[in-house]
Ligand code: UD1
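In the form predicted on its own, a lone chain appears below as structure tokens.
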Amino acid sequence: MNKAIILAGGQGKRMKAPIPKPMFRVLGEPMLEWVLGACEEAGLEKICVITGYEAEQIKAYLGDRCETAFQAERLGTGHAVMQAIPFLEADAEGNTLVLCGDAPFIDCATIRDSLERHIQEENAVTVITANVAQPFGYGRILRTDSGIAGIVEEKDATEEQRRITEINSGCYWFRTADLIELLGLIKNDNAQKEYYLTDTIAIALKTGRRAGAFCSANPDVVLGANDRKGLLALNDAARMAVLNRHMENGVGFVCTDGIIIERGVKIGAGTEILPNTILRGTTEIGENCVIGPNCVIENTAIGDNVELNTVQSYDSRIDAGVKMGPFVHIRPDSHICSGAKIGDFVEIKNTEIGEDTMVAHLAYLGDSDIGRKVNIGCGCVTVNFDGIRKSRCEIGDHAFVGCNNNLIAPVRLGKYSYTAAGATITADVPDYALAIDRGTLHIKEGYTLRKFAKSPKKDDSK
């Protein structure tokens, strides 16, 4: 069995926030999620996450997804892996990948290809490495004709060794049985009194085992973050990698300022994403759309040829040919059918808007079912909450709802029905009917003359 141990016990003091470092987010997902996802995609059958600082946060996030082991004291990477010895001993056959929960860019291809090399060369340990242009601060890989001689840290390297550009990623494949034995041989006779996982390489070579190195084609596998600046760099790298992937697939960007697209988002060819647009979660966008500027779209399915300008949409569905904006808020469980037009300052919640329906401006439509080719007048509100329960409104096909209407749910407007401006509708309106609610108009003549006569005189010339 091939499995993984993810080291996720770090505090990240320089982040200055009370959460474990692997839980800081890159493109909206914890760094730990990136690492877990790569392991799962690579088909690793069992995963154990080593927790430490604020362990309950990580355990709550993971749920039953994988095993955990707790490192009560942070005494080095080797000591962290020691906490997983029962996990290793439960099945000592096969191989174990050890990797860092705060180095998010490990990828499935690197995991699979390095395992293949590890098995092919019959290594006790295989270090995953990368070549980088600026290796300062990283451990350098010392190679021999038959494998790897060791890893030398920057502070201990000679001038010649510092010129080596192949560096340690912090990820290692071990034969599981060898890892168990090597962990028992690590010593903490160093200045920090810590147990270092890198010492297993020298021990393996000294005890006649073979150690190797696999150089990943992805130089970003080495990237991590120790502070907020480093976290920003990770986000920038991830953001541009996602944008480049979409451009390769035919998505257009006139400018990438303020555009953030999370990894799970899908976008069709010919669609253009305008500045200051954020696309999150499981959002899927069709072809030949224009999204933005200033949109936030989360977990929303969008059809072809949709135009959204300054729209926020959450957990909803927008069909083909819809035009919206500016300043539209689509709240969860809404469905905007094809051809609908939603204008400025409109909020829609848990509502279906029928095909070719017009909601021009200044309306709130909540908990409603609205038919085809309906016209919703300016200032219309579906009054869906009576202080105790939510109720629904139904508006039939081709209905015309006048300006400044209040529809007091539950109420139904029939097909081709009309409501007059200023109406408060408290009863169902039949098909083809007109509902008028005017009340009595009272006019008091001379009112303002009397009002001004009682007020101090003002100089209107100013």
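Bear in mind that the values here come from a model prediction, so they are computed numbers and not experimental data. Rigid core (definition): largest C-alpha set, two forms, superposition within 1.5 Å. Residue numbers here begin at 1 and follow the sequence given.
Beyond the structure shown, there is the form predicted in complex with the named molecule, which is absent from this document and is the topic of what follows.
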| query | finding |
| --- | --- |
| The named molecule in the model of the complex: contacted by all of E33, F105 and G230, heavy atom 4.5 Å | no |
| Contact of F174 with the named molecule in the model of the complex (heavy atom, 4.5 Å) | no |
| Exercise: E153 in contact with the named molecule in the model of the complex, heavy atom 4.5 Å | yes |
| Touches the named molecule in the model of the complex: Y196 (any heavy atom, 4.5 Å) | yes |
| S368 within 4.5 Å of the named molecule in the model of the complex, heavy atoms | no |
| Stretch in contact in the model of the complex with the named molecule, which is absent here, among 418 to 426, 432 to 440, 66 to 74, 36 to 44 (heavy atoms within 4.5 Å) | 66 to 74 |
| The named molecule: the contacting residue among N309, N350, N168, N305 in the model of the complex [heavy atom, 4.5 Å] | N168 |
| Proximity to the named molecule in the model of the complex, single hit among I111, A80, A124, I291 (heavy atom within 4.5 Å) | A80 |
| In the model of the complex: members of 226 to 257 within 4.5 Å of the named molecule, any heavy atom | N226 |
| G354: Cα shift of 2 Å or greater between this form and the one not shown (core-aligned) | no |
| Threshold 2 Å Cα movement between this form and the one not shown at G101, rigid core reference | no |
| F327 C-alpha relocation of at least 2 Å between this form and the one not shown, rigid core basis | no |
